[in-house]
Structures are given as C-alpha cells and as structure tokens.
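The chain below stands alone and is given as structure tokens, in the form predicted alone.
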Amino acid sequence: MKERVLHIFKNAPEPLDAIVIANDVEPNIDMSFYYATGVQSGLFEQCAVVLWPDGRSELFTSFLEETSALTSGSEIRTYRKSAERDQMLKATLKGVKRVGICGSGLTYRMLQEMRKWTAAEVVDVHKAVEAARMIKDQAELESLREACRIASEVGELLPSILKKGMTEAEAAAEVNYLMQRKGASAPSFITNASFGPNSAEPHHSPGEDRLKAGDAVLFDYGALFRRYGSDVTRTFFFGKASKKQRRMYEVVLEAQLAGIDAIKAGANGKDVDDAARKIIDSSEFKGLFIHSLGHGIGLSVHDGGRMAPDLDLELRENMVLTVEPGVYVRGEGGVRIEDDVRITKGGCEVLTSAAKELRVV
C-alpha cells in the first residue's frame, strides 16, 4: 500500500505532515479507507487510518475488526473503546502541524471527533485522493477484471431469465443470484431491471411492474469482487421490437462504438463524450442523451472523473471508466448500452464482453 499512500501525497496541493481518513458508521464509510489500507473484509465503523509522507500507514481498528485489519498493508493499532482510540490517535498525531482530510468522505461528526486527536491546521485533500484512486494499480486491475468477467458472463444469460409476467424485482433478484453464483461477493450497486416505460428512467428502482410483449428490458448491474465493482448495461426487447425501438438501439450502439473508438491516453473526456453525443444529436433522438458518457469505477461505482460535455478530463493510462450512451423517451422506454474500459496508450481495453447486438427475446 506504500505506493498508494505516496501517490496521494504527490497529488496533495501543499506539503502535509499527515493525512487522516476516518469512517463514521454504515453507510457513511469512506471508500478511500479501503484504498489506503488494502483491507478486503471488514466494515471498520469509526476507525481511522493515518498516512505519512514516507508511505507508511497506521490503521487504528476496533478489536471487532482486528482479524480483518491483519490483512492490510498498514501497521495495526487496536483499541477496545473509543476513548482509547482517541488517546492513541492524539499521541500519534502529536507535533503534526498540517493534516489532510478527505472531505468528501468525512462526516461532520467524525470531523468533531478528530478535534480530540489534533489541533493541527486541516486541509481538504479529497481531490488528491480521488486523483490517486483514478489510476488503478495492478492489484486493482486484477479485481476489476474479475468483476467484469462475472458481469459479462451474467450478461450472456440475461435473455434466458426473461419470462412473460415476471416482475422487475424478480428479474433483478435473478441477476443478483447469478452474479454471486459466479463469484461476486455482492452486487456493486442496486440492480436496475426496468421494463417498458420504466426503461426511460436512467436510475429506476425495480418494482412490481410485469413483463409483457413489446417491452424494452433494460438491465443495469454490476458485480463486486474484492471490493471492486463493475458496471454494465444491456437492453433487450421482449417478444417484438417496433421500428422506433430498433432505430433507437442502432443509434445508441453506433454512439457507443464511436465513443470507444475515440478513447486513448491523452484524449480529453469532453471530446470522447462529443464523439458519441454527436451521433445521437444528429439523429431523430437529439437531446434525449441526458447524462454524461461515462464515469470512473473502482471501489465506488462512481469512482471519480467523468467524460462529460462540461468537464475537462485528461484520460490517463490505467484509468477505468464506463462508456454508456443512452436514449430515453419518457412514457415509452429507453435504450442504454454500457461497457467498462481501461485506458491504454493507444486506445482502450474493453473489460466487459457480453454480446450487445440488438436482440428480441
């Protein structure tokens, strides 16, 4: 984990004596805690890790999580009560003048707890942490490839689970079951199975709507493996597909392939977004691509960085992002096609491989 810690300090806006990453209770857990420590199990509520400029890290863990903590690359400091934790951290941070915090993952309550540990000047370094996390190391890439493999294999099975009259919730449950059967520890986010008009809602929550002929069927799902998650979307048509549905699919697929073709290290994410967006906006579906082309993935399903028309993002080797154009017609339905890619010097490696030709099932 030393290299990860060094990368965070390298990206920091000013010299720091230490960085503290502190968790609150679920769901307010800073995923950067897992990045810095490398722990693959455990929750670590109200635990903290102190990072030092020489690459060392000290993990302050409750006795509850000690077994999980021993798998980390950090020095372990174990406590039984929060008062003991406070004393240990106060002693550790003695003499620190300027301390970095990860403001995007720190609750106000834990910031107040930190006031017991140090009176040092506080500097928000969440952008430095994000920048470090966006460039994946080999261990991270191995986990992401496995998460993508699982999602890709499940993607090939999606048509076979569709049955007339089934509910969206039942379809989502089938996807989750298949992912865990193939090695996922959990879904990487709440699985979206949406039928018919619901497929025009990009972040639909599956409910009791039942599948019928003529429905667009959109699955947005991902597999979690060693804390790293994939993010894939596939769209099908059940029983029959109208001329308009077929056209929507063709346009979205053309846009996605154009986006993928524009990706390489050194490119601007804004330009990649434009390569895909102009395909859709030159069609009869102009204006119906209502989100960015893609986002970083890793420990979080939105792991920092977006390829969007309003954001300059220099693509760098070993970033991993989604490519997911879509068209959404409210009241009718939508089409989205999403894959995960690793940025390379000359292009990208597509990590997800489930078939994406238009399918009526």
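Keep in mind it's a predicted model, so treat the numbers as computed, not measured. Residue numbers run from 1 along the displayed sequence.
A second form of this protein, the form predicted together with a further copy of the same chain, is not displayed here; the remarks below concern that form.
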property: Heavy atom of residue 17 within 4.5 Å of a further copy of the same chain in the model of the complex; result: no
property: Interface membership of residue 126, a further copy of the same chain in the model of the complex, 4.5 Å heavy atom rule; result: yes
property: Non-hydrogen atom contact residue 273 with a further copy of the same chain in the model of the complex at 4.5 angstroms; result: no
property: 4.5 Å heavy atom contact, residue 331 to a further copy of the same chain in the model of the complex; result: no
property: Three-residue site 52, 97 and 142 fully in contact with a further copy of the same chain in the model of the complex at 4.5 Å by heavy atom; result: no
property: Candidate stretches 196-204, 146-154, 228-236, 264-272 - the one whose heavy atoms come within 4.5 Å of a further copy of the same chain in the model of the complex; result: 196-204
property: Single option in 109, 164, 116, 240 placed near a further copy of the same chain in the model of the complex, where near means a heavy atom within 4.5 Å; result: 109
property: Contacting member of 169, 211, 88, 120, with respect to a further copy of the same chain in the model of the complex [4.5 Å, heavy atom]; result: 169
